[in-house]
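A single chain comes next, written as structure tokens; it is the form predicted on its own.
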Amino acid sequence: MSRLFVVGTGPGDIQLVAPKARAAIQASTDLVAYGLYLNLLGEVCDGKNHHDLPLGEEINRARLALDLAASGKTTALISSGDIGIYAMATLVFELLDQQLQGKENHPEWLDVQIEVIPGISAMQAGASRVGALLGHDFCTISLSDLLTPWETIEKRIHSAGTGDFVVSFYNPVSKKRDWQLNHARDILLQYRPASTPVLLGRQLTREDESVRIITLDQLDAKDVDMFTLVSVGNSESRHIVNGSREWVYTPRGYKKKLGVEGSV
């Protein structure tokens, strides 16, 4: 039976890899991924055929995974975080859609049994590091305009500001893109206070992890790279300090209930 596991392995800490993801990798003979993701998994990947394609080869990774699975090899296509969020799962199903429309010539892909296995996303890992930043309605926006026009991204940032969503920015900067994050900051400053807490989480859950809490007016692209998650609180998000510990949380609306119960 042709089988393809589409696996999210979490932000980097091996202990955060779901048991189902581990089982899928162990059941596979062939692993397709960007090499760093396999390195982070360590011995979990021992004894498997590694197909390491570099960044920028995402389409070829998805094609290779489908080809391997269609040839009868139990295959795992692996991404860090959740593979369905800005990751490889979308490409797999886009290729299948293209085949169904007659725009590809790989009918064998349609016989592959596909199972998508979710993982902990960077925004979840970051929120857990500082408390409960995603405690109320939130959204994610990628600032990369390689595949999405900037006009569309800008419209979404304004919409997030109008809706007062907590916003997690993926792909905030790169060597060729260093202005979008500051522009996004300036848009959100139109809708929420300058004192709004912001999480900068770099290499979350990995050995060289760095977590900082700043304010929205302090956010600057020069302090961020492609390994950094930027999460901006909404107008009600709170930064609290307990001795040497700092926390950020976004209230869900229990304030009135807490006041009533506290007065009893």
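So that there is no doubt, residue numbering starts at 1 and follows the sequence shown. Values in this document were obtained by computation on a predicted structure and should not be read as measured data.
The discussion below concerns the form predicted in complex with another copy of the chain, not included here.
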**Item:** Non-hydrogen atom contact Ala18 with another copy of the chain in the predicted bound form at 4.5 angstroms
**Value:** yes
- Task: Spell out, yes or no, whether the shortest heavy atom distance between Arg185 and another copy of the chain in the predicted bound form is within 4.5 Å.
- Result: no
| request: Flag His50 as yes or no: does it have a non-hydrogen atom within 4.5 angstroms of any non-hydrogen atom of another copy of the chain in the predicted bound form? | output: no
Original post:
Is Ile117 a contact residue for another copy of the chain in the predicted bound form, using a 4.5 Å heavy atom cut-off?
Top reply: yes
Verify the flagged residues Gly42, Leu66 and Gln203 against another copy of the chain in the predicted bound form: is each one within 4.5 Å by a non-hydrogen atom?
no
Across 93 to 122, the residues having a non-hydrogen atom within 4.5 Å of another copy of the chain in the predicted bound form turn out to be Phe93, Glu94, Leu96, Asp97, Gln98, Leu100, Gln101, Leu110, Ile114, Val116, Ile117, Pro118, Gly119, Ile120, Ser121
